[in-house]
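The data below hold one chain only, encoded as structure tokens and taken in the form predicted alone.
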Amino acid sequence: MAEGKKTQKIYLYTRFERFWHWIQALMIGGLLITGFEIHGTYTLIGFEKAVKIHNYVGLTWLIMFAFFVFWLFTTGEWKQYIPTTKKLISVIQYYVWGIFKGKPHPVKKSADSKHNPLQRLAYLGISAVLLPTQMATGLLFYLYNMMPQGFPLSLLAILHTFIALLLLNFLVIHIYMTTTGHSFFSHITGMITGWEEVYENTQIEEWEMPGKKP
């Protein structure tokens, strides 16, 4: 990372956001581990125990996700996920080669804009498409005894497993991206304390959340 640049701390993540982030990370991790064991990829705790844990964690995740969506819309934080193409190409170029040359990030974080354009697209796709689909397919499997004869359970299994692989892929990329701040642990520290360090002299063009006057 570039040296000699001053940093400042800004408060980005509320206690609820941090709680939800880490509890969801634990639940997704647990679901991936037990899910792949159910598929016979390996043996850690046994098939029956893996199924029980997978079902319990999955139902808990579904309920907590509903509370998270409620929180998003009652606090107005849903606006953080509105997609935008503004600075999108600049962000992509930064992650492709600019970051390796010590270039400043083209978009500065703020309380009104926590996610850059690329993150907005990724998080919206995951939160609005992948996660609900994964939860729906998992719930249908859980209730398979109530499904009508001829219900395509095998198709559900393929879709459920495919999305799990996509989520695993995102998890690996997400963990890597947490190390690309101005220091190795700056992003992780921000999600623990709520305060994140950013470069003071980053030259960027900020934007506010829609409907918010500057």
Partner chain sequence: MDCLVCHESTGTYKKFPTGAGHPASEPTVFPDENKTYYPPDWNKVAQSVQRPGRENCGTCHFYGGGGDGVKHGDLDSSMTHPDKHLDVHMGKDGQNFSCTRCHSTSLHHIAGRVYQTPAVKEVKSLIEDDLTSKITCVSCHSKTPHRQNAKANDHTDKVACQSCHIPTFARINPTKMSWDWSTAGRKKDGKPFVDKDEFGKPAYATKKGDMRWEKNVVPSYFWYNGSIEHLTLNDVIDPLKEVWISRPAGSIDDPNALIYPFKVHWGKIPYDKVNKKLVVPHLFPNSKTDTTAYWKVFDWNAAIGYGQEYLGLAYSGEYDFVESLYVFPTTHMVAPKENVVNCTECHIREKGRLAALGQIYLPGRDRSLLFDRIGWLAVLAALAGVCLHGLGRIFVKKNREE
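Here the structure is a predicted model, which is why all the values come from computation and not from measurement. Numbering follows the first chain given and starts at 1.
The discussion below concerns the form predicted together with the partner chain, not included here.
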*Of the options A66, L26, V172, I45, which one has a non-hydrogen atom that comes within 4.5 Å of the partner chain in the model of the complex?*
V172
*May I ask you to choose, among I33, L62, L168, I53, the residue with a heavy atom within 4.5 Å of the partner chain in the model of the complex?*
L168
*the partner chain contact at Y95 in the model of the complex, heavy atom, 4.5 Å*: yes
*Please run the contact check for I89 against the partner chain in the model of the complex: heavy atoms, 4.5 angstroms, yes or no?*
no
*May I ask you to check whether F141 falls inside a 4.5 Å heavy atom distance of the partner chain in the model of the complex?*
yes
*asked:* Is P148 near the partner chain? Define near as a heavy atom within 4.5 Å, in the model of the complex.
replied: no
*Sequence-ordered list of residues in 117-131 near the partner chain in the model of the complex, where near means a heavy atom within 4.5 Å*: none
